[in-house]
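Before any questions on binding or motion, here is one chain by itself as structure tokens, the form predicted alone.
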């Protein structure tokens, strides 16, 4: 066995380690950008988890290049993953509950609610908790997962009438066209809505890739909340499809002048 054959696995090992370090850094940056709107603690934890996961996978591949049995290391990686999930169980539960409460919980910022022994006005709903201000000017932070397990009482006047639907549309949708078409479509539901309060579409945030909006409508009868939400979601989907820009057509190639002259020239029969 030559010296090159002995050093080749070591060189592969060093190369994989270098690529792994770069990939871990890129994964951390990508996860940080994807979770830029989340709580800083959650975003930082997700970035560390992504970097560690990429590093562990790269380490397994690098060790295999040295001819070492990686079964034990894979087992350690599996145990580590389970341990991380258990350690972050509460944070992940609160983070996931945030998106369920956006759609299914009948309260929003500005509403007065009561949950367990706490009551107050909602002043913030972030990725991990909902913050209330009590009548005696105290701040109460309640984990979002609690709202998925406990009964929430909305004491705001006419809270049952309001239906808030979060929307997200891509950059290919013309926003003015979408809004005009959607309002015209919702006008056909006026018999099921409170005529004193027309539907309102507000922009929460806007990026190059997408626009986050909130559609607020006022119901006429509380028993129609769920079927009306389904009908409105259907009309929103149809309005998005109609507001998407036309697909670019593939241009038909035009023949060059030389080819046109050649094609128009009379063919000569062979003598």
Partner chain sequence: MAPPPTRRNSAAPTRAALPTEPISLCINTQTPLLQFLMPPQKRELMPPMEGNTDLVGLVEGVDYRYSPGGVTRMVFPLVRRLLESGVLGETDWISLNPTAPPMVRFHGVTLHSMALEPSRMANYARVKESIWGAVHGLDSEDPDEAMFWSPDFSDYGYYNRITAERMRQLDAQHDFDLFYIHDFQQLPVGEMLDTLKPKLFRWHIPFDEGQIPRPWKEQLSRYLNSYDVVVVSTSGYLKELQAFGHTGEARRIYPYVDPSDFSRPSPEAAEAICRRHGLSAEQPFVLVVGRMDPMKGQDRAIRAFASVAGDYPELQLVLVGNGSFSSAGKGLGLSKSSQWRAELEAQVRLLGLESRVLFTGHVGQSDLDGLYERCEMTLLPSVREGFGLVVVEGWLHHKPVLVTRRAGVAELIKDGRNGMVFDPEQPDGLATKMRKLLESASLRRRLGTAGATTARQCSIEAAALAEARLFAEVLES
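Numbering follows the first chain given and starts at 1. This is a predicted model, so every value here is computed, not measured.
The same protein also exists as the form predicted together with its partner chain; that form is not shown, yet it is the one meant from here on.
Undergrad: From the list 134, 155, 171, 180, which entry has a heavy atom within 4.5 Å of its partner chain in the predicted complex?
TA: After the contact test, the surviving option is 180.
Undergrad: Though its partner chain is not shown, can you say which of 233, 66, 30, 203 has a heavy atom within 4.5 Å of it in the predicted complex?
TA: Exactly one listed residue reaches within 4.5 Å, namely 203.
Undergrad: Taking the shortest heavy atom distance, is residue 143 within 4.5 Å of its partner chain in the predicted complex?
TA: No - in the predicted complex, heavy atoms of residue 143 and its partner chain never come within 4.5 Å of each other.
Undergrad: Please run the contact check for residue 113 against its partner chain in the predicted complex: heavy atoms, 4.5 angstroms, yes or no?
TA: Residue 113 lies outside the contact set for its partner chain.
Undergrad: Might residue 190 be said to contact its partner chain in the predicted complex, defining contact as any heavy atom within 4.5 Å?
TA: Heavy-atom contact with its partner chain at 4.5 Å: present for residue 190.
Undergrad: Give a yes/no on whether residue 166 approaches its partner chain to within 4.5 Å in the predicted complex, heavy atoms considered.
TA: So residue 166 does not count as contacting its partner chain.
Undergrad: Determine the residues of 113 to 132 with a heavy atom within 4.5 Å of its partner chain in the predicted complex and present them in sequence order; the list may be empty.
TA: Nothing in the stretch sits within 4.5 Å of the partner.
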